[in-house]
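Next up: just one chain, as structure tokens, the form predicted on its own.
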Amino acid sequence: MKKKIGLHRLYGENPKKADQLLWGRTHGSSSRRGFLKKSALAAMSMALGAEMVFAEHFPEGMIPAGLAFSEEAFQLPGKHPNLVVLNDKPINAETPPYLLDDRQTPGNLFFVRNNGIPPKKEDIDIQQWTLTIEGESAKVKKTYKLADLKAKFKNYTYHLTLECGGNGRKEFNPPAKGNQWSTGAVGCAAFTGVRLKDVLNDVGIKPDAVYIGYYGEDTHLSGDPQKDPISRGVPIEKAMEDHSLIAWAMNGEDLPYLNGYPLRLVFGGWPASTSGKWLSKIVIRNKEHDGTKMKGQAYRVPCKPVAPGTKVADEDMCIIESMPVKSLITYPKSGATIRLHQQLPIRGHAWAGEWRVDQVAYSIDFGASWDNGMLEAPVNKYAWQHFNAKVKFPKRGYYEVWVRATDEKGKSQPMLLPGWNPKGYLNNACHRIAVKIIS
């Protein structure tokens, strides 16, 4: 569902389904009271900009007046109305490729991948927000206020690419469960904060440290305070890299609310699930972190290739670390029409996890031949790289422009879907757009 469809049309077609899609509302059968669950109330209140008082009496299948008679299109708070919403419980939304044309992704266009319910924005007091560092491999336990972090440690700004491990999941067959991401669960922004290693060193790291894990202030979908919606982490070597940040700003402004305001981790080049949002605690572990979504099948792929549809045992799944080489055409929008003998300018971005991209090529004959585009160097490590080219077409008709990136290790994007895996992770097949040439 795209929010630009409009509330009135959505409710006109099926009011109960609209309630479920937008708010995650479960309809009662015999009693109206209690049908609006906490998660649904949180989603509705977020859209309205305030808590809905007396929500337990609000009729089923009705649009709140604050939205029904508003002149503004319904949209996620702080986000562009054309983001494609894949799920509302939790909120997940991707950005169409043509909206990712900026060199650094604006906050309102940065994709949203949440696992739980964000803390209410009105309850966030940045003056009192704290980050605690502890764990069996921490020499001491320390707690820092946000202002302490900003003042005590040197501040850094890096352009860092974040991509959901499931970006591209919708192309897998047999289908993989989870949010059916297309291509837009990726972004690269200028994040400002302090180096994680500086804070860890200030606490003190014991020699047996092997991993760090994070905890945030988002809540589990069930509302149970004893359950964590997600608690992932990275090996200590990744945590100690120069570009691993505890960040409070994106593109010179506060982090967007749905992207972790007021504090988050940012690990460029690895699945964005490692970059915990609404950050309040980091644990230094003497073993692989065992938080929520670190075990089982979550953010793991088969250690060895498997046939499509294969059931893979948990012990045969390996944690995803560096993301694969990938590229995205951001201009023009798919479906462009130009006249014969005109050149079509194309541009976009390429990235490769831990590595630099060495080459970007394009094809107009479905991969039978390739021509190189112009590729720029990254602003810094883990920043995506910009490419452009001018494409010529020999005759009238329908074409597809395919783009393929190759990293410095010689690994290239596959033209079609790469190896199947049960959770639909790491699809880095060539991005393509449709083009029509007319006389």
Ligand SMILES: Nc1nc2c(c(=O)[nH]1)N[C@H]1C(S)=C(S)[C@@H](COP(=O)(O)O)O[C@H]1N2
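For every residue, the number given is its place in the sequence shown, counted from 1. For clarity, every value in this text was computed on a predicted model and none was experimentally measured.
Just so it is clear, the following notes concern the form predicted in complex with the named molecule, a form of the same protein that is not shown.
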Considering R195, R264, R285, K89, which brings a non-hydrogen atom within 4.5 Å of the named molecule in the model of the complex? R264
Could you tell me which one of V112, A239, A247, V325 places a heavy atom within 4.5 Å of the named molecule in the model of the complex? V112
Considering only heavy atoms, tell me if D218 and the named molecule come within 4.5 Å of each other in the model of the complex. yes
Within 4.5 Å, heavy atoms only: does F172 come near the named molecule in the model of the complex? no
In the model of the complex, G276 touching the named molecule (heavy atom, 4.5 Å): yes
Even though the partner isn't displayed, in the model of the complex is L258 close enough to the named molecule, meaning a heavy atom within 4.5 Å? yes
Could you tell me which of 355-363, 276-284, 330-338, 139-147 sits within 4.5 Å of the named molecule in the model of the complex, going by non-hydrogen atoms? 276-284
Are C164, Y214 and Y299 jointly within 4.5 Å of the named molecule in the model of the complex, each by at least one heavy atom? yes
For the stretch 116-133, which residues lie within 4.5 Å of the named molecule in the model of the complex by non-hydrogen atom distance? G116
